[in-house]
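Read the single chain below, which is given as structure tokens and is the form predicted on its own.
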Amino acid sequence: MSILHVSSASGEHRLVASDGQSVRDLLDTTALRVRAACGGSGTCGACIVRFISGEVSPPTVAEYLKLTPEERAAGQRLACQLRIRGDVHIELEHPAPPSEWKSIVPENLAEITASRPELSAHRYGLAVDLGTTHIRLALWDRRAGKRIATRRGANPQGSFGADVLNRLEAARAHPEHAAELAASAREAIMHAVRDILARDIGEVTPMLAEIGEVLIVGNTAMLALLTGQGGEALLDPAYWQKKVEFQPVDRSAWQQPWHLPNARIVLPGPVAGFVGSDLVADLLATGLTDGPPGSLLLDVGTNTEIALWDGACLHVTSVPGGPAFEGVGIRHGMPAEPGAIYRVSRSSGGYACATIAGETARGFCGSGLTDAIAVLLADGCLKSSGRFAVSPGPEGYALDPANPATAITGIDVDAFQRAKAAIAAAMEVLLRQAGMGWGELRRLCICGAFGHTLDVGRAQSLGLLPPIDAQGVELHADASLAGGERALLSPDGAQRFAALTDTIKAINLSLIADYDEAYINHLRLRPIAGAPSP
């Protein structure tokens, strides 16, 4: 790994880079995007930066064609052609206009080798993961089996509240809010698509007509709000174990404002209640049912979905894990973005906080909050009850006294405890429903951005995860998107979703008599009782 130092009008920035990564690809995962219109081929010549020092690739043919000898002598390079081979310092004088859309970091993307060579027209396809907090999508050349570009950005529905029930209630109580919620999500998806086409292809309107399929997965609440269907049923517990339809009333009404005249809009059906098609996409991405009995999957987020494969049946449920794992509702919480603390370790005289992209700490993402609580517990600063051994005061316990954004409060710890207790109790219920015990777990798939940066051992020490052997733990970032991509590149993608759904037994935790007792038993910060040590 190398460090890219970027000087710009917004200040000095320090980004962690992979060796051989282009400067453009790295900057596109941040707010420091360069101007671009050719997808990184160097033909537009718009992504100019000034190279100051470091180990980089030599100028390419594209740079000799687009830059004059005087410009090259002054250090100007094309960011898409400039590849990092060590620590590098550049100056970004003319960044692209600010955008809420960023590229997904390459290491979070699944490697998918599939294609649709039979396609003769409308060869492009779009996979969308509509999450409570974020929207992620990928544009593919399906015929060639090539991922053209990806984007991630905030779900604008968050203005109606971080909790899905708040959004559903707003939609139920006010029809105008329901229309606004649906429109905001649809418009966000199209803004992201247009951003890809403008920057990564160089054409917008002609390419929209070449998109032949849009496949959208999401949790049930997001699908209900997107389509304007089934929201009231979700507020009725009687439907939490039943299938609810979430399909557009008129798909052409989507195609027209999206300017996608040839796109087939596909919304695979959710399982039931609050178990959505995003969980089925996780199952496709991880191949959970191809594993041994005792394979467990967690998609941790605002709405946490859990699946247990017993060799014959998939037992699934969901819990309102709370927004703590998304960095919401925490004093200094934030999404897993540059500046988010994702790892905490002891250092001489205190603690060291590792941040995404190596930037100055601005707060905690979910994995960073987990890490911080585990370290404070191990050092005796926190008790297993979740209380501080010595009250840190209303501002909380600052891991770095010089940076208030590194502070953890008692309310933060309480939010974490409630979320992790709900998840642990739900896992216990699924095991009982399958006639299994903790010791029979053989495989654990943790999905989502939260799991990708998680220290599994520390999560186990708090009772968030069962202490199975480390060799049986897999971290799958953006698994829901990956499952959607796999379906997009399959001639029978929708059928693959349906086939998995038929093997699922959905469990409504509100109908489980001793779930509340299990929840209380898992509130303390300690490893899961009764589970063998890894």
Partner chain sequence: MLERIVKAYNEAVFETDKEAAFEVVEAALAGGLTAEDVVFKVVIPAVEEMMSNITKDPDANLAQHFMTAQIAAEVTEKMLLKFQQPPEIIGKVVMGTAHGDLHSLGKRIVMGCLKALMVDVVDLGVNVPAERFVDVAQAENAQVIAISAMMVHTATGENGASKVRRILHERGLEERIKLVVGGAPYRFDDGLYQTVGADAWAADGVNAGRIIVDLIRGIKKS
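Numbering follows the first chain given and starts at 1. Being a predicted model, the structure only gives us computed values, none of them experimental.
There is also a form predicted in complex with its partner chain; it is not shown, and the following applies to it.
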Is every one of Glu169, Arg418 and Glu517 within 4.5 Å of its partner chain in the predicted complex, counting heavy atoms?
yes
Answer key: of Ala398, Ala110, Leu377, Leu235, within 4.5 Å of its partner chain in the predicted complex (heavy atoms) is Leu235
Among the candidate residues Glu176, Glu245, Asp414, Glu91, which is the single one with a non-hydrogen atom no more than 4.5 Å from its partner chain in the predicted complex?
Asp414
Given a 4.5 Å cut-off on heavy atoms, tell me which of 450-458, 187-195, 161-169, 145-153 is the interface stretch with its partner chain in the predicted complex.
161-169
Evaluate Leu523 for contact with its partner chain in the predicted complex, applying a 4.5 angstroms cut-off between non-hydrogen atoms, and reply yes or no.
yes
With a 4.5 Å heavy atom cut-off, would you call Pro293 a contact of its partner chain in the predicted complex?
no
Is Gly386 a contact residue for its partner chain in the predicted complex, using a 4.5 Å heavy atom cut-off?
yes
Find out whether any non-hydrogen atom of Ser18 is located within 4.5 angstroms of its partner chain in the predicted complex, and reply yes or no.
no
